[in-house]
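What follows are structure tokens for two forms of the same protein chain, given separately as structure 1 and structure 2.
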Structure 1
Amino acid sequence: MTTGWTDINKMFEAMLLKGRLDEFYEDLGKSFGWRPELAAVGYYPRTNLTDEGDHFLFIAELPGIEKENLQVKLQGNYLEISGVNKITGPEGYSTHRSERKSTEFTRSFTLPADVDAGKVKATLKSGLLTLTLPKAEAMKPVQITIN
């Protein structure tokens, strides 16, 4: 019995303290708006959103992605895009430089208004995913006639 209870207690204390410190740093991170799930994936892909009156135009930058590897989910004013941009080198070639990497991503957005999910148009062209998101009837701007 060379390891006394005090030593074990000390070890436990150190572990507990470490646990508490981790929690503390996590809380600290949260209070500054740092979210680990975002740090892991980053803001990938980059997106734009414009309000064009009766619809929103959404663009996401996804060069080289296959449309089979891309999913778009919509509910009310919640939009989620997810997928994987697979980068595979051609067969029989050696790789000298590899800056483009396979990326798996999920990114969600809160749109400024509800959209009519049934009338959404999606296109994938020149590495940009473009979504035309018609606003739900009740959300559309209305012209008021003055009597």
Structure 2
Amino acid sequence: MTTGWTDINKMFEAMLLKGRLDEFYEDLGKSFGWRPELAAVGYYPRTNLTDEGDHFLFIAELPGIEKENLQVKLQGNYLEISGVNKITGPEGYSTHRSERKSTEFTRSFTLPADVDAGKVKATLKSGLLTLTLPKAEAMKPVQITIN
């Protein structure tokens, strides 16, 4: 059975309509400040959390943020990171183009177990915040021998 020209025309019309609708919604989103590159992560840094046995390893991408503009809070199994990325030009110079904006963020996480806050290690290097979060002694697995 062959497809008639009217069916092919309908198919192309449907594809063109979809393209027009996609453009319409993209333009509508731009008017409200939505940008596709922010859709997945918003204004929040991307993070990884892994269980390393006796501790958790938390890594957050924080490019351009100085450690003076970063706060890390921990209480039990609740972790909160917040910071400010201040974009400023050199004093005495005028700005000709500004695409990078100053941003603030706050993210909170509920960890799978309580953490020993006194033993946490934090480093900020090459835009990566790395937290080593030792599990609280009560949360660590204990091997029990059977008699």
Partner chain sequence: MEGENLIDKGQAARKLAKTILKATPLVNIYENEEEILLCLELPGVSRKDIKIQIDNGLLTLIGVRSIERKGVSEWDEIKDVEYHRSFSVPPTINTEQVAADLVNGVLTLRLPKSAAAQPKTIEINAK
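Structure 1 provides the reference sequence; residues are numbered from 1 along it. Quantities reported herein were computed from a predicted structural model and do not represent experimental measurements. Between two forms, the rigid core is the largest collection of C-alphas that superpose within 1.5 Å.
The chain appears twice here, and it is structure 1 that represents the form predicted in complex with its partner chain. In this overlay on the rigid core, residue 89 has a C-alpha that sits 2 Å or more away from its partner position between structures 1 and 2. Core-aligned CA deviation for residue 99 between structures 1 and 2: 2 Å or greater.
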